[in-house]
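Before any questions on binding or motion, here is one chain by itself as structure tokens, the form predicted on its own.
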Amino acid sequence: MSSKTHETLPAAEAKTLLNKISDDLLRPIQNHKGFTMWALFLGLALALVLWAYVIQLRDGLGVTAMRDYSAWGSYIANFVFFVAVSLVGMLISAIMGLIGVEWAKPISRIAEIVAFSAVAVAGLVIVFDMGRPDRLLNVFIHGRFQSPILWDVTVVTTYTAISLVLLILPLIPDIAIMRRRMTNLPKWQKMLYDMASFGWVGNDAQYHALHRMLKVLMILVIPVALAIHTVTSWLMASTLRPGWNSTIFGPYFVTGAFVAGTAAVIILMFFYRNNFKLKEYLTDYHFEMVSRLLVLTSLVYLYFNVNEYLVPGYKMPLHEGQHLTELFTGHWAPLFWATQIFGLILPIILLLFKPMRKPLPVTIIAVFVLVGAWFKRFIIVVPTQFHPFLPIQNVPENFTTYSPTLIEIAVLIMPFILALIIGTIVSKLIPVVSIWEVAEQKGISREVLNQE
């Protein structure tokens, strides 16, 4: 969050502009058509998938397609996906905030909403994957430092906490504005805003302290965010299994996370721009710039993809060769090539053309990128498990294939619904674009900004 100053507007003009900005950005909180129907839909969907999870809890993981060889199925692919998406908070809020990228300010809160929603449900996905979730505490009580699983639990928890604080801190000036302007709120909401404003009055000392704390958090979140997905990759790369035995899995996963997270931010930007009527604040320029960011991260990710498959493909050791053959020309080839082409290569090519970087085209492209990102994790997690060093023999036929069951698909959808619920609640309680930062960019002084 740069404290860069802008040309100050006259007081009367600034006050009029501030009223407009506040009205525009607070309108969705006070009156948003369709919210009740959307909330009912999410509630019904959650009830259905919870019913599926209760069945799994009652009957065990046998209701899924996960067996001895496909022990890590779609649930772990889901976990890796949500951890990946959560890294966008670090990319946009922290890195771009530290170097003072002005165009990133209106979308930094959206990036933090995506990051917090994703990382909050990522940990729950592991619980869904456990046959005995009641034993989760054993990870903390009896966990061994040598285990990458303990490392993963530690960094996921830490990153969740930092993401929450990084979401809340820049909100404090906005909450003070909301407390003054939104007088018709329910009593519980007023009390919530009173507590969350932390006595903010908007003097120079408070702004100085806020910027200082944000800078510390931005610096702190970068290594933690890099660690969260690097450690996730080590869950696989620390084994000798073909397809996972790679020294570049850390940066490979991190760059792929930037691609997935940026695509998620674009989709949410488009939703807020149209449904919350924020075209003046999430402009074509913002979509242009975040599209360029998506191209940049995708190009880096494409390089790691080429490296990941070229090196073992060139040497073709026996077991790696069998795995690559299955990916390139065998059972998994249609999914592998569809993911690479429609989820990575074509989006890069299309986004090189300016008309494709407009809000609607780039959002459609981002949907393909995000769907491709999930299937990419599926391809990383599942196929390699069917290429053990010892041959698969003397097991039932359904142990040698993997196709998720209906119960498994329902439980698989649950984290998406939970992430949407978190995002919906957050966007109903706070402005999704920072009022005070937009006001500063428009040249509104702090004195006007903090007037009663």
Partner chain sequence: MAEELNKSAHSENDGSDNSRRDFLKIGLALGAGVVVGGGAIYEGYKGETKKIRVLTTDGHTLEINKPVVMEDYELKDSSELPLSDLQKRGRKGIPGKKWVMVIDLSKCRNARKCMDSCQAAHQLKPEQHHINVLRMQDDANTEPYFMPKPCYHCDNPPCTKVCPVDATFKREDGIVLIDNERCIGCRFCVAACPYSARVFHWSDPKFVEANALKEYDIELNVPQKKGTITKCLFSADRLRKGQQPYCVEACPNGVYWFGDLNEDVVTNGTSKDTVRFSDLIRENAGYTMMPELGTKPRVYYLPAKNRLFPFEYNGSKELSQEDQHWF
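Keep in mind that this is a model prediction, so the values were computed, not measured. Residue numbers count along the first chain shown, from 1.
In what follows, reference is made to the form predicted together with the partner chain, a form of this protein that is not presented.
Residues His211, Leu217 and Leu293 are none of them found to lie within 4.5 Å of the partner chain in the predicted complex, as judged by heavy atom distances. The partner is absent here; in the predicted complex, the one residue of Met191, Leu318, Ile349, Leu310 having a heavy atom within 4.5 Å of the partner chain is Leu318. Shown without its partner, this chain lists Trp38, Phe399, Phe416, Tyr53 as candidates; in the predicted complex, only Phe399 has a non-hydrogen atom within 4.5 angstroms of the partner chain. Put simply, Asn31 is far from the partner chain in the predicted complex: not one heavy atom of it is within 4.5 Å. Heavy atoms of Arg132 reach within 4.5 Å of the partner chain in the predicted complex, making it an interface residue. Using a 4.5 Å cutoff between non-hydrogen atoms, Trp72 counts as a contact of the partner chain in the predicted complex. Although the partner is absent here, Met66 lies within 4.5 Å of the partner chain in the predicted complex, judged by heavy atoms. Residues placing heavy atoms within 4.5 Å of the partner chain in the predicted complex fall in a single listed stretch, namely 239-247, out of 239-247, 221-229, 155-163, 83-91. Contacts to the partner chain in the predicted complex (heavy atom within 4.5 Å) from stretch 143-158: Gly143, Arg144, Gln146, Ser147, Pro148, Ile149, Leu150.
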